[in-house]
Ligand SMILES: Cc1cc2nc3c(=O)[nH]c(=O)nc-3n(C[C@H](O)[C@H](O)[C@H](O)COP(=O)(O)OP(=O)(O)OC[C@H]3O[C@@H](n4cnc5c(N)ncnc54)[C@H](O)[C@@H]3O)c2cc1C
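Okay, so here's just one chain, in structure tokens, the form predicted on its own.
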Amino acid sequence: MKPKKVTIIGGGIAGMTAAWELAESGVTVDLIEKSGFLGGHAIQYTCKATSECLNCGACSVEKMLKNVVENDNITVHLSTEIEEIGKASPFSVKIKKSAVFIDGAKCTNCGICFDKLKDTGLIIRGYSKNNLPLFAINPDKLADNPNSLKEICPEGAIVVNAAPAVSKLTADAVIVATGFTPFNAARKGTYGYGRFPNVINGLDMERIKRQNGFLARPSDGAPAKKIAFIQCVGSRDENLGNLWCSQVCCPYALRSAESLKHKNPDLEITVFYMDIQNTGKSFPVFYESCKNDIRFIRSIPVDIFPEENGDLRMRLFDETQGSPEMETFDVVVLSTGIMPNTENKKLSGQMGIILDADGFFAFADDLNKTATAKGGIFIAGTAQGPKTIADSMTQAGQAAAGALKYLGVTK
């Protein structure tokens, strides 16, 4: 009997987990990822451990990425988008691979292309040694550097075609794991994100830490000494129409702050918040311990003003003082919220499955949040709504189990 086939849309932690669970059960998986790397946003996160593990989930993503790239039942399609997809099983899936990409079968991860084109931004380096290949083409820079890729790779791994390559797959079931889009902090104009170099978001902070080994000020590379975290940027914001809590921002910010403080006890860190969301059984104890190292102010600042030396002056209200005041910080980290993936609307129309009022994929059964109203189509991870890495992996496992049951496959 021919093995069952499942197409998974999205190569983040939920998509990878579902793919591996299915592959381990003998199912053939096509894993479709729009970017040049597997791992999604989660693979960019650095370990938050201090003297003990803080359960941030970063190591789980690394392990799952390694599992996926080593599993022969999983075919990974990088730099690939869904062009068309049917609404009933067996599903016809038309995919479109970018016209310019790096061939993982030929790439040796030598880094020559990255070193030669570093100043152009045309080549991107992956965040994990388990990314295969470790390098990808930045499509946003192609138009500015049309001839830069010719003959630069000694292995001939850089493919430059005149047009994207379109091909067709078939699938007995589909799992949608398209992940999320981070809130664009530039929409909160008074914070100066994108205009003031030392105002960054969480992913910016991760990249800076990975590159330098510490949190350096983007303006001058100097180690940050006084850091502010501002919570709920883009979440729980009635003016934006984003009324949901992103769930991950509070534990993420506190783990990041504790990790920074552990490496440099002299750091001054302040967290501005509306409410600290209790996520997980151990979080209340962790939160209480954070109060020994971090200053908490239950107020969200409105304005940030740049100074000539790159410092950031902030108007804030400290309820312990009872009056507004101004304070200066080296770096301000904006904890940006989880927004629906911009591709959700297009995919929902193609597959005939609905979105909820916020723009995430809606589930059809309160007892099974991976099931849709369409037989054979399942959802997982932050495609369904905000959740942590651990919760995304759990739901992905449930989606895989649902798909196996639908396909009549037993472990």
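Numbers follow the displayed sequence, beginning with 1. Everything numeric in this text was worked out from a predicted model, so none of it was measured.
The form predicted together with the ligand is left out here; the points below concern that form.
Heavy atoms of Ser35 reach within 4.5 Å of the ligand in the predicted bound form, making it an interface residue.
A residue is said to contact a partner when one of its heavy atoms sits within 4.5 Å of a partner heavy atom; Leu203 meets this definition for the ligand in the predicted bound form. Although the partner is absent here, Thr80 sits close enough that one of its heavy atoms falls within 4.5 Å of the ligand in the predicted bound form. At the 4.5 Å threshold, heavy atoms of Ile338 reach the ligand in the predicted bound form. Figure note: of the listed segments 27-35, 371-379, 352-360, 64-72, the one touching the ligand in the predicted bound form, with heavy atoms no more than 4.5 Å away, is 27-35. Proximity to the ligand in the predicted bound form, defined as a heavy atom within 4.5 Å, holds among Val199, Leu260, Ala228, Val248 only for Val248. Along 162-182, a non-hydrogen atom within 4.5 Å of the ligand in the predicted bound form is carried by Ala177, Thr178, Gly179, Phe180, in order along the sequence.
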